[in-house]
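First comes one chain, alone, set out as structure tokens in the form predicted on its own.
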């Protein structure tokens, strides 16, 4: 009973801390808005701009459509990155031959930041949908590969030894032992890829798009509408947090044995 009471008090304490941090953020925002109103719109001004945007959308595209366009680009790119990245990461972590053949090339390309690909992608494919998705794919693919390869390498040797005792072939070892043991690392990569992909798609949309949250930020910058920029920043933060929660929820369903503190 005493243990339950302590846990209840602890939960209340940390909930109060979380609420306090949000209140402090709002108070700081209000203070900056009062000192530099030309740079920081007040919470009320930001709310009024949101209502105006909902009533009179930019380019006659509703706010939810801009958000869905960005999510669609990220979703397609991350799904492709997971599909190809898990395969390559498993091969790099499992096979010395594959690592010797493709590992060096991958390590040479991996450090190149996604934004460095923008000029080439623009020259090759223009500013349509495909280069935006491709840019997000490039930025998230390496993350999935690295985490998957690390997960494969961290599989307990004892587990592999058990597979060999039962005369499992390589495919069976990968399917029954290696991949299940690597799932936590793979999902860690997917969570990171979602966050990074969400950031990259915003940069891609700022460089040339007619919809999406990145486009709205660029529009706000071009007309000096700081309230619109603040709205988009809040939406970006909320969506990013929801994506992380979604990835964690899926991970708990697929990896019920893994618990976080």
Partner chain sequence: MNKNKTENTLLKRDKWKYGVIIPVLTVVIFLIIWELMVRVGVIPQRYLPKPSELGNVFIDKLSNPRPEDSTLPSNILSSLQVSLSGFLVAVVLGIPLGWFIGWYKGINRFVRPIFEIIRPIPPIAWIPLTILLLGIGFRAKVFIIFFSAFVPCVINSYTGIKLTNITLINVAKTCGASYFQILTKVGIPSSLPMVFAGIRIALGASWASLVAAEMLAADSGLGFMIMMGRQFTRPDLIVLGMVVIGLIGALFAFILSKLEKKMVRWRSIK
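Here the structure is a predicted model, which is why all the values come from computation and not from measurement. Residue numbers count along the first chain shown, from 1.
Another form exists, predicted in complex with the partner chain; not displayed. Remarks below refer to it.
- Only one of 50, 206, 30, 68 lies close to the partner chain in the predicted complex, with a heavy atom inside 4.5 Å, and it is 206.
- Proximity of residue 118 to the partner chain in the predicted complex falls within the 4.5 Å heavy atom cutoff.
- Not displayed here, the partner chain is approached by residue 229 to within 4.5 Å at the level of heavy atoms in the predicted complex.
- The partner chain in the predicted complex is not approached by residue 61, whose heavy atoms all lie more than 4.5 angstroms from it.
- Although the partner is absent here, residue 210 is not a contact residue: none of its heavy atoms lies within 4.5 angstroms of the partner chain in the predicted complex.
- Counting a residue when any of its non-hydrogen atoms is within 4.5 Å of the partner chain in the predicted complex, the hits in 89-120 run 96, 97, 100, 101, 104, 105, 108, 111, 112, 113, 115, 116, 117, 118, 119, 120.
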